[in-house]
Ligand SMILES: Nc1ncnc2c1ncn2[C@@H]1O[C@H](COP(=O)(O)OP(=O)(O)OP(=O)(O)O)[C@@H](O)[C@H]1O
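Take a look at this one chain, the form predicted alone, written out in structure tokens.
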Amino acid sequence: MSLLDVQGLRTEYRSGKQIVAAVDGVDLTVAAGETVGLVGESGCGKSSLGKTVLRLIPAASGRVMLDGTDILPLNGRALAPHRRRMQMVFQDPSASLNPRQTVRTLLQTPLKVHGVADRSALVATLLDRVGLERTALDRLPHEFSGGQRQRIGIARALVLRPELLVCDEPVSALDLSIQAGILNLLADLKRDFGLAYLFISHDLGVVRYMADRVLVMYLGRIVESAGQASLWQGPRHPYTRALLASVPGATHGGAPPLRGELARPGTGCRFRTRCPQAEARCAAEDPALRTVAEGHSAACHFA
């Protein structure tokens, strides 16, 4: 059984008189101790998917199974023990930390809410683990650098000892010189705590470093799913090939760069208006995600 099993998840937003599905029937699994990367352009629905899984925004339909229990119908006391098991590392550490609270308060508050005793010792030990001095406990977030603030955010996510972290672009707001340290910290924590990650990023280089398996998302749907090595060696969807071709030093058959903007066509394949391979069939039939090789799926008629 997977630790996380998402089935047919749909998340909707209202845009004027229209309802837009930011997440449109997504299935995914994350095993215990596994890192699943989720990649795609800005606006494809990655962050909405992560926040819906964690119940930070409501789902329109579907199931989010955590260790066999669907958490979408749960609320209040019934949901609380499941919230402890899943936490989030946000993109912008400055925006995700209360500027009026000390690091001590930021880290101890979740423990207090969930009735955990011996909070001071737990917090001090965790601060050591993320590479910060214990003198940081009585300082405010603005007194730290961006990388240090993200370490505080990671410590806060870990303080309840979760099994799954949803990492939403955790290094994109940081300088390149700082990113490697945060990624290495996350890799070490995964090993030491036996964590599973749903790792969201638009940076394929970062995902290649972190992920065991990769999901490629386009306009609310998963269009390709494969192990990390399989995806890089033989991408099957034209969208994936275009994304990989944009990575410095990539060699993927001279795939053309992406053209146009994210826009939903009325019928057929949602990528067809930007696809160099599109044919009449693509306008008429919406391709399903299907197995094209062992452990490798793609939603393309010509995969």
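All residue numbers are counted from 1 along the displayed sequence. What you see is a predicted model; the values in this text were computed from it and never measured.
The same protein also exists as the form predicted together with the ligand; that form is not shown, yet it is the one meant from here on.
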### Message
Ala22 versus the ligand, in the predicted bound form: is there a non-hydrogen atom within 4.5 Å?
### Response
yes
### Message
Is Thr35 part of the interface with the ligand in the predicted bound form - any heavy atom within 4.5 Å?
### Response
no
### Query
Can Gly234 be called a contact residue for the ligand in the predicted bound form at 4.5 Å between heavy atoms?
no
### Task
Tell me, yes or no, whether Glu169 is in contact with the ligand in the predicted bound form, where a contact means a heavy atom of each within 4.5 Å.
yes
### Message
Counting heavy atoms only and using a 4.5 Å cut-off, do Arg156, Asp188 and Phe193 all touch the ligand in the predicted bound form?
### Response
no
### Query
Heavy atom within 4.5 Å of the ligand in the predicted bound form: which residues of 28-66 qualify?
Glu41, Ser42, Gly43, Cys44, Gly45, Lys46, Ser47, Ser48
